[in-house]
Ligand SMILES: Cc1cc2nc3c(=O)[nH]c(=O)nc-3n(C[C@H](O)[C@H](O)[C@H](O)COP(=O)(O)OP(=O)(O)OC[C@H]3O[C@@H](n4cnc5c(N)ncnc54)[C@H](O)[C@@H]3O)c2cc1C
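In structure tokens, one chain follows: the form predicted alone.
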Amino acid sequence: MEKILFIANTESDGSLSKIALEVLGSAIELAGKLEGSTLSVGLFGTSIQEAANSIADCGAASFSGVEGEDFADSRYCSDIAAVSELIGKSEATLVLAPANIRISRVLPGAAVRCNGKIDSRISRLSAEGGKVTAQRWFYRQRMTGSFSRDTRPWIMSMDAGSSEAVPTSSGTAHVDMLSVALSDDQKKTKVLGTESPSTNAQTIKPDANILFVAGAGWTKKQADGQIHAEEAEKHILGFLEKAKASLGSSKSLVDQGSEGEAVLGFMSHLNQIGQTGASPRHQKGLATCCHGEEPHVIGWRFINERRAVNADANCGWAQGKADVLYVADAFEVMTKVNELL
């Protein structure tokens, strides 16, 4: 009989993140497939009661938590103590956690303390005949592999999109608060504050509904024989602001600065989409001035609806790689789109 523990940290406002609710959905689904299994929830943060109440109807047999100002900020010594305590008290055989920065940093150490095994970035879980199988991506998300472990506890961090997010409710959960005492040495690290870029400066937005990808054509000579990089920046940033979209780039655009060509000042390798970049998961994607060749399209494998703007009717997007291709000048199209927005 498997004892499944869902473990997560609360956000600064006391809520659970979207990825945490998605992993909880995976835990609930897995518990339903394993006969005789039980599901419990472990939370840690400044205050966890509100988060526990929001998922009180998830079907968990028990809730436990570690809370206090010592666990408000991400800090290795305090977080690993909280996570290890939650795993140990629950006597869980399977531990599922969201693969966010805070938990991913401490989960391997917690696995060592609990004499368990850990696997990271799991994308899917299944169970058949009482055997649990995990699935994850390999080779820059170009192939998947499935595997299982006999060692318990088996601890897994799960990627976003593993399941549908569990809807929150307004119930009341009884939480067993655990006491975790920290020494002065464990509290040496202090978080003095946080600095975040403005909304306009932040171009990478994983939770945005739309991904806007700019290709090298934006900084090439246009119909009048001139380069209009400043105008291109105005169109792109205008769309990102109005549509609250995330920004991606083809490899050629982020690399051409080293070749002495015009570049977009806000573009970096962090925006790169494709075989050597990221594979984002947005509802919709709009590629502009991109040719839609294989390395770039690989990064679009998880985009649900794909559209592209390209002046070349024979570009790669026209070969069945886009749901809709607009054969037009991207400058003209985005000027009109921004006016409508």
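Only the largest set of C-alpha atoms that superpose within 1.5 Å between the two forms is called the rigid core. Just count from 1 along the sequence shown to find any residue number. Nothing here was measured: the structure is a model prediction, and the numbers come from that model.
Missing here is the form predicted together with this ligand; even so, the following discussion is about that form.
Asker: By the heavy atom within 4.5 Å rule, which residue out of I303, I55, C289, V66 makes contact with this ligand in the predicted complex?
Answerer: Result of the distance check: C289.
Asker: With this ligand left out of view, which of A322, L24, L16, A330 would have a heavy atom within 4.5 Å of it in the predicted complex?
Answerer: Of A322, L24, L16, A330, the residue with a heavy atom within 4.5 Å of this ligand in the predicted complex is A330.
Asker: Check E293 for me: does it contact this ligand in the predicted complex (non-hydrogen atoms, 4.5 angstroms)?
Answerer: Because a heavy atom of E293 falls inside 4.5 Å of this ligand in the predicted complex, the answer is yes.
Asker: Give a yes/no on whether A208 approaches this ligand to within 4.5 Å in the predicted complex, heavy atoms considered.
Answerer: No - in the predicted complex, heavy atoms of A208 and this ligand never come within 4.5 Å of each other.
Asker: Could you tell me if Q222 has a non-hydrogen atom within 4.5 Å of this ligand in the predicted complex?
Answerer: Output for Q222 is yes: heavy atoms within 4.5 Å of this ligand.
Asker: Mark Q275 yes when one of its heavy atoms lies within 4.5 Å of a heavy atom of this ligand in the predicted complex, and no otherwise.
Answerer: Judged by the heavy-atom cut-off of 4.5 Å, Q275 is in contact with this ligand in the predicted complex.
Asker: For the chain shown here without its partner, which stretch in 306-314, 44-52, 29-37, 57-65 has non-hydrogen atoms within 4.5 angstroms of this ligand in the predicted complex?
Answerer: Comparing against this ligand in the predicted complex, the contact stretch is 306-314.
Asker: Pull the contact list for 208-227: residues with a heavy atom within 4.5 Å of this ligand in the predicted complex, in sequence order.
Answerer: The stretch 208-227, when checked against this ligand in the predicted complex, contributes G215, A216, G217, K220, Q222 at the 4.5 Å heavy-atom cut-off.
Asker: Establish whether a shift of 2 Å or more occurs at the C-alpha of N271 between this form and the one not shown, with the two forms superposed on the rigid core.
Answerer: It does, since the N271 C-alpha is displaced 2 Å or more between this form and the one not shown after the core fit.
Asker: Look at K117 and decide if its Cα position differs by 2 Å or more between this form and the one not shown after superposing on the rigid core.
Answerer: It does not, since the K117 C-alpha is displaced less than 2 Å between this form and the one not shown after the core fit.
Asker: Superposing on the rigid core, I want to see if A223 changes position between this form and the one not shown - specifically a Cα shift of 2 Å or more.
Answerer: The answer is yes, as the C-alpha of A223 shifts between this form and the one not shown by 2 Å or more after core alignment.
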